[in-house]
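To begin, one chain is listed below as structure tokens, in the form predicted on its own.
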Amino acid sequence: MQRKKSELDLSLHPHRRFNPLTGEWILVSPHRTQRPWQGKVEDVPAETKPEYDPACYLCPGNARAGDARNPPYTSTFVFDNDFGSLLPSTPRGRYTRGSLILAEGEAGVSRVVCFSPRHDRTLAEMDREETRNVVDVLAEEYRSLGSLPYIRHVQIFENKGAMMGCSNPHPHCQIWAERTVPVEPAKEARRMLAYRRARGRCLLCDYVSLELKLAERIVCVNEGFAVIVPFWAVWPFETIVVSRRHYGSLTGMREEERDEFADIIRRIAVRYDNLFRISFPYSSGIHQSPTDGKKHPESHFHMHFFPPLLRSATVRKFMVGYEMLANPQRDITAESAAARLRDISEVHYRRCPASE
């Protein structure tokens, strides 16, 4: 059927997309993908990470800050960050000057989780058993940190790659547990609660059901999870991993769902690496129920991936200009990004270098 000239075409016309998890809008300009690129392009260095790096402070047996030294660990290893952004000893006091200057002490715990003793491994290159072990450790950290009486939120996140601010290439993530719920998960929580009160249903349950039905932005699925390029995505190949059953946290997962979560995050990580045939940079994070001791039936377990690469391994997406001063904006539509990721193999490119 031929589209009328006055009818909105999401693949052609500039338009705004609404994010129901934050209540904010993003500007999408699909016609701009045709413009020539004359921006900064850098050479991508060859990846030659060793299995063990004697200079790496995260490798087994190596020295860290002060007198700390890693044990000769053979699996996942967790420790309190030597330079933690949050400290349990922080007083809760207030600082005020008049009615417009206000600060509050924020106590918390910062931990590092090394995924593997191997310096050259990432989630994309770990096997399913190794990844499942990471999931189990993260679930235990969420449970133990969330049980501390002053902790109300546990944020698990990974910065992968130097361009995402990662200071060490050894495969690891961080956990910041704190007294208050941070801005981004708090925005999502308010929206999910309002949706539940208005409709008596879960926002993300309805969303994943709709996306599975439409099948336009689905990247991959298994019994427990769907990987979707969200309709409102900001980053070029942004995805959201959503549980297909309703529960709020890692501790709410069944045994088989932990296996399925390990499977799905490894699969999307492989697709990312295969997209530009590099160790693909991203920031990712898990959003789950607050740990304030209250019931949160509105919470729905999910994970965000925010990758910066736009057109190749050397062309990145920065938040600048209009996006800093006015509104997030993107050129690649969610549908085209999902199609590219969907068409990519789930066999890591390093295991089949002769293919493609």
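The structure presented is a predicted model; accordingly, all values stated were derived computationally and were not measured. Numbering starts at 1 and runs along the sequence shown.
Here the subject shifts to the form predicted in complex with a small molecule, a form of this protein not shown in this document.
Undergrad: When the small molecule is placed as it is in the predicted bound form, which of 171-179, 256-264, 190-198, 117-125 ends up with heavy atoms within 4.5 Å of it?
TA: Heavy atoms within 4.5 Å of the small molecule in the predicted bound form occur in 171-179.
Undergrad: Out of 219, 242, 112, 109, which one falls within 4.5 Å of the small molecule in the predicted bound form, going by heavy atoms?
TA: Contact residue from the list: 112.
Undergrad: Counting non-hydrogen atoms within 4.5 angstroms of the small molecule in the predicted bound form, say which of 279, 159, 155, 249 makes the cut.
TA: By the 4.5 Å heavy-atom cutoff, the listed residue in contact is 159.
Undergrad: When the contact criterion is heavy atoms within 4.5 Å, does residue 57 count as touching the small molecule in the predicted bound form?
TA: Heavy-atom contact with the small molecule at 4.5 Å: present for residue 57.
Undergrad: Taking heavy atoms only, is residue 83 within 4.5 angstroms of the small molecule in the predicted bound form?
TA: Flag for residue 83 set to yes.
Undergrad: In the predicted bound form, does residue 105 come within 4.5 Å of the small molecule, counting heavy atoms only?
TA: No, residue 105 is distant from the partner.
Undergrad: Considering only heavy atoms, tell me if residue 147 and the small molecule come within 4.5 Å of each other in the predicted bound form.
TA: Contact with the small molecule, no.
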